[in-house]
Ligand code: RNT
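Starting off, we have a lone chain in the form predicted on its own, written out as structure tokens.
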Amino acid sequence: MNQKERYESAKERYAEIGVDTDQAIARLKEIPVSLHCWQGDDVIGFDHDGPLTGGIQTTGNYPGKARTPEELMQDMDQALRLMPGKKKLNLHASYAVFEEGKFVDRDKIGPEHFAKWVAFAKERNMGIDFNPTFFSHDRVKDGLTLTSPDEETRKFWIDHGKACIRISEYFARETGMPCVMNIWIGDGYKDIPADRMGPRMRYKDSIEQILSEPYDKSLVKPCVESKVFGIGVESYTAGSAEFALSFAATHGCLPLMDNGHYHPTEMVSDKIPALLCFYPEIALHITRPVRWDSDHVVLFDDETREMAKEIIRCNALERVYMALDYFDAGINRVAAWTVGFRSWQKALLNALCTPNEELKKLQDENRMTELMMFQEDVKLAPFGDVWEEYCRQCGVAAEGRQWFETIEKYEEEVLLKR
């Protein structure tokens, strides 16, 4: 059978279990997913020459890392051409683009330093999400930013956060799409602290000051992201899950869950429906932790599929802001972008092709044996043929062997010459 015949056969098979694959494909085409710029240059950015710091690190030294805004945009364009679906752009503040001789520090950045990114996004019909960069900077004092007991240091970073609020609103107005602005800090301590509450009270006050900056709540979606620990802050992080959830609940902003920011046995797929019971909207950073927050490239694995299923099962596509967040310097960076984005697309399509209502009915009627059997049968439905049809309609190759030749050619002609 050819591809069209295989899809028609798969469509009939899915119809037998109550799934309309045409509808699933059409729905997926309209779901925006943010693609993170920092995979292309190992989270370095353009506003400093120092190392990556702040409880995170990138491992590997694969050739061809982007060194300039132009190279980063070129690489991202190559990846975008190989991805099906609707994209947004996710930026960190450290990716500001400065004209020669016009550098400003992070507390003074403004919309003009991101005009080239706005032009890039608008040409590709992409919205922009944004992240203040509270790491990799000489004003990080003793490893602290928004929690610092040094008021001059803390004020610098509060002013940075306020500047990012203004830039986020600029992004939203220019692109016509809301901007999700995520606050994450790596502040913490390597060993057992003597005061756990004090840093959190300073953090609370700092975020409150940042959010006092006027902004249109329909355009800017502030988030607070938590983390268990990081390199160099193994014993204590101020922005714990309890802190972030409580702050978001009491201050009208969104909680952001990164599925690498929890203990290894905690599943964000289970947390998604729990939060949706209370929050109108939530945000996700989707990664693949191995042992800890290692930010491996997202794969079409069990937890990735379960996270997508919960978003679909909860009818929450309009309530969950989805963004990828990983950085692997040990493999081709353009391929890493491509594999991760396509894996999340597969997970969403798989969730849309799951007979969720029928499965819920079996659970509610306590037909648990039948539920287990049906869930196992669904796994063997001809999903690959539906994926191929989705990719065909989006104008991209379905199989890795087809698009990887493009990556190899790009590496030879562009990346290896840097």
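Quantities reported herein were computed from a predicted structural model and do not represent experimental measurements. A residue's number is simply how far along the shown sequence it sits, counting from 1.
Not on display, but discussed next: the form predicted in complex with the ligand.
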query: Contact residue in the model of the complex, from 285, 88, 346, 221 (heavy atom within 4.5 Å of the ligand); finding: 285
query: Candidate from 247, 135, 337, 117 lying within 4.5 Å of the ligand in the model of the complex - any heavy atom; finding: 135
query: The ligand contact in the model of the complex: residue 227, any heavy atom under 4.5 Å; finding: yes
query: Residue contact check: residue 154 to the ligand in the model of the complex, 4.5 Å heavy atom; finding: no
query: In the model of the complex, residue 38 touching the ligand (heavy atom, 4.5 Å); finding: yes
query: The ligand contact in the model of the complex: residue 43, any heavy atom under 4.5 Å; finding: yes
query: Region of this chain that lies against the ligand in the model of the complex, out of 200 to 208, 325 to 333, 101 to 109, 266 to 274 [heavy atom, 4.5 Å]; finding: 325 to 333
query: All of 305, 353 and 387 with a heavy atom within 4.5 Å of the ligand in the model of the complex; finding: no
query: Residues in 242 to 262 close to the ligand in the model of the complex, defined by a heavy atom within 4.5 Å, in order; finding: 258, 261
